[in-house]
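In the block that follows, a single chain appears as structure tokens, in the form predicted on its own.
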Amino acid sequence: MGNQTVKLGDIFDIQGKSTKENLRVVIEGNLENVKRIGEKMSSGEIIINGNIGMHLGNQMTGGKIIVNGNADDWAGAMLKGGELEINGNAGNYVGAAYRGFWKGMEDGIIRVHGKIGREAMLWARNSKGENKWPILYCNDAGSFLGIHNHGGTIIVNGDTDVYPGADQAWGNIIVNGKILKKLASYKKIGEKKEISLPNGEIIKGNYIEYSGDHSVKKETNGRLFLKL
């Protein structure tokens, strides 16, 4: 708290007990100014009944966090495993790399049932050899979604702001709503009725498939799918 170390019992009313085999923490109240809940979490479950501050679940490797409210910026930043579910909205840089890093979200799942801010999944990377496939699900998304994408999968059930997939080298961005402005460096491939994702999930529907971002290199494995 500030520059002081305090006990949780000085701030929260705490009750119950947990074991390493059954670690489950439920947090009640408004935590909008509390940062780094679940940072580097490796197992167990955290349920937050209220809004939460910045850096939720950043760099976590396992376990699950559920937020029954909204989350601030950097939720799931540089996620390496586990699952983060936000039943409200999330701020900017969801699943993104921190400034100065070249690897963002490398594995795990983030689900945001509301809207997310700008530059989500910045520098996401997968690993076929290690069977790591980072995935983000959201409703509406802000600008520059999946910027510098290097293997992440993003599924948007609503609309996106400008320039999704900017500087994308490989990976998939699927938009089931509208794109405010698409980059001219994406080339139309054709129509597709079934999309196979790297994790084995199959999405069916009528989509236009684009390749890009061709401003990165002439041949790219990046794909943008826009629902008809």
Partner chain sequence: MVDTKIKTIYDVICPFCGSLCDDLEVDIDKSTQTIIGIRNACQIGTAKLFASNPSEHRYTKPMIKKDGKLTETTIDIAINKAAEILIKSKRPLLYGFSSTECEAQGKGVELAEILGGVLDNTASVCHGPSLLAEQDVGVSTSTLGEYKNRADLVIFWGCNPVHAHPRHLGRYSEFVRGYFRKDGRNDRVVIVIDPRNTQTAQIADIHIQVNPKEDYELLNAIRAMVRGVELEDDKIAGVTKEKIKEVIEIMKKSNYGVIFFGMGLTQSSSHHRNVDSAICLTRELNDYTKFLITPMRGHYNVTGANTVFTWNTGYAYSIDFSRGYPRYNPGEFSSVDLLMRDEIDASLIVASDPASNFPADSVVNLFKHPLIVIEPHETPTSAFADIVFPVAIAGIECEGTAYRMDHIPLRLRKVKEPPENCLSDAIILEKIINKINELKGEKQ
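Positions refer to the first chain, counted from 1. All values reported here derive from a predicted model rather than from experimental measurement.
FYI, the form predicted in complex with the partner chain isn't displayed, but the following is about it.
The single option of I174, M54, I66, A169 touching the partner chain in the model of the complex, heavy atom within 4.5 Å
Of the listed residues, the single hit is M54.
Stretch from 191-199, 44-52, 58-66, 177-185 whose residues place a heavy atom within 4.5 Å of the partner chain in the model of the complex
Looking at the partner contacts, the answer comes out as 177-185.
The partner chain in the model of the complex: within 4.5 Å of a heavy atom of each of Q4, K35 and R118?
Heavy-atom distance to the partner chain in the model of the complex: all three under 4.5 Å.
At 4.5 Å between heavy atoms, is W133 in contact with the partner chain in the model of the complex?
The answer is no: W133 has no heavy atom within 4.5 Å of the partner chain.
Would S18 show up as a contact with the partner chain in the model of the complex if we use heavy atoms at 4.5 Å?
It does not: once the partner chain is placed as it appears in the model of the complex, S18 has no heavy atom within 4.5 Å of it.
K217 versus the partner chain, in the model of the complex: is there a non-hydrogen atom within 4.5 Å?
Although the partner chain is absent here, K217 would touch it in the model of the complex, with heavy atoms inside 4.5 Å.
Although the partner chain is absent from this view, report whether I147 comes within 4.5 Å of it in the model of the complex, heavy atoms only.
Contact check for I147: yes, within 4.5 Å of the partner chain in the model of the complex.
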